[in-house]
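Consider the single chain below, provided in structure tokens and representing the form predicted on its own.
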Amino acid sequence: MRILTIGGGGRECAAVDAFHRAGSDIYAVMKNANPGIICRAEEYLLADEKDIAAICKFAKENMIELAFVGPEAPLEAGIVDALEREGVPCASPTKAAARIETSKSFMRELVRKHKVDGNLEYAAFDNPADTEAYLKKVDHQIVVKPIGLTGGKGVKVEGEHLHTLKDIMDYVGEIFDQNIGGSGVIIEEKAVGEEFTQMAFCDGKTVAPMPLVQDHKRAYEGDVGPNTGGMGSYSDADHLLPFIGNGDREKSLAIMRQIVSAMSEEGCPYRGVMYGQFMLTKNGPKIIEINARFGDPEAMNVLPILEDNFEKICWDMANGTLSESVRFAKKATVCKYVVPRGYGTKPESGSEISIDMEAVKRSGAEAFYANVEMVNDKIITGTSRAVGIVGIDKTLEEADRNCETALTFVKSDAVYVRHDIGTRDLVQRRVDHMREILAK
């Protein structure tokens, strides 16, 4: 089948690899010349991923039979609606359905209206004065988020990034002054526990789960530093996480099924990958965010161990024929992102990076290029994450060892890695933290 993929990051590189394993003919649109995608593509177009006219023209010229959209920005721009008007089915949500991610207030209001489990107290504002008046009344710690898209970097948490009312209002003022996210601010109740990601394939009614993953947002080892788009992630061989049992996992899936049902009732059925970001609390899973696509880096944990045909899954999502069960290998994965020096604050770009792909594979790992460019046959870093290295094996410890071995075959003078992701010590801290919370 002739498949159109949109996006040039690590998430999309992993998706293209999965399509390649499925035997698809891949036609790619991306803003950066990602070598991992280029080597799999029959044809590719370098273009703004929100350039609807150029993408539709490319799709028609190449007689595309199915489209898959990786990033959230083209979804918000309405690329799925445009492609479907041209007769191209899409395994991604429409602009109306993607509001589950592109408007945090839409998501919270949908969940409240339909009495979906796991909601948090919240309020949305379009000016700083009303925000401050609300903050002076609340008796719990809060989280500040721009309502719109921020690439996973706009969240600030009281007690971690913000410590006083002045800190909070300074950030609220920054959101409005700089128009961060584009549509106001949302104040949410702070949930205490351990975050986890439950992703699922959806066809408007059926929800087929993927293995649980835990992402690591903080830039530096020991979970300190600024929030980033994600420094790495891990998944366990039983498809749970060391601090989550089947019961809480089923509760998170029930929440996602309630959301999919609510979207259909609202007249915007959800088709595509849904990313549920949850906090496991003393009172069960609470909704942190719902996103309208694969997580990045989490896609790199689950797609390499997907045993079913990714092309067929995407076709079934687009056409409402999805099975409730999708098979994944019973293997653990550890993903660590190689990022440019200064990432999270003032990232440096323009450095050469090289990877011995064969040596990475021999190490029991996979490498997925992300924010890099091919320039005169050299791979050059951008200002965001450069390459994801994913160790895969029977246990977390073995997967971590494979990842660390593979990282020795990545050469650059201007990058860094959070080596603690997926390690025994860090995972045990998460388990101990959850035990402490449940014991209170």
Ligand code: AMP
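In this text, residue numbers run from 1 along the sequence as written. No experiment lies behind these values; they were computed from the predicted model shown.
Although it is not shown, the form predicted in complex with ligand AMP is what the next lines describe.
Student: Using a 4.5 Å cut on heavy atoms, which of 221, 189, 117, 352 is close to ligand AMP in the predicted complex?
Tutor: Flagged contact: 189.
Student: Could you spot which one of 99, 249, 145, 239 gets a heavy atom to within 4.5 Å of ligand AMP in the predicted complex?
Tutor: None of the other options qualify; the answer is 145.
Student: Counting only non-hydrogen atoms, choose the one of 168-176, 288-296, 256-264, 131-139 that falls within 4.5 Å of ligand AMP in the predicted complex.
Tutor: Of the options given, it is 288-296.
Student: Using 4.5 Å between non-hydrogen atoms, is residue 308 touching ligand AMP in the predicted complex?
Tutor: Judged by the heavy-atom cut-off of 4.5 Å, residue 308 is well away from ligand AMP in the predicted complex.
Student: Closest heavy atom of residue 73 to ligand AMP in the predicted complex, within 4.5 Å or not?
Tutor: No, residue 73 is distant from the partner.
Student: Using a 4.5 Å heavy atom cut-off, state whether residue 217 contacts ligand AMP in the predicted complex.
Tutor: Residue 217: contacts ligand AMP in the predicted complex.
Student: Test of understanding: in the predicted complex, would residue 123 fall inside 4.5 Å of ligand AMP by heavy atoms?
Tutor: Residue 123: no, not in contact with ligand AMP in the predicted complex.
Student: Residue by residue through 157-186, which ones have a non-hydrogen atom no more than 4.5 angstroms from ligand AMP in the predicted complex?
Tutor: Residue within 4.5 Å: 157, and no other.
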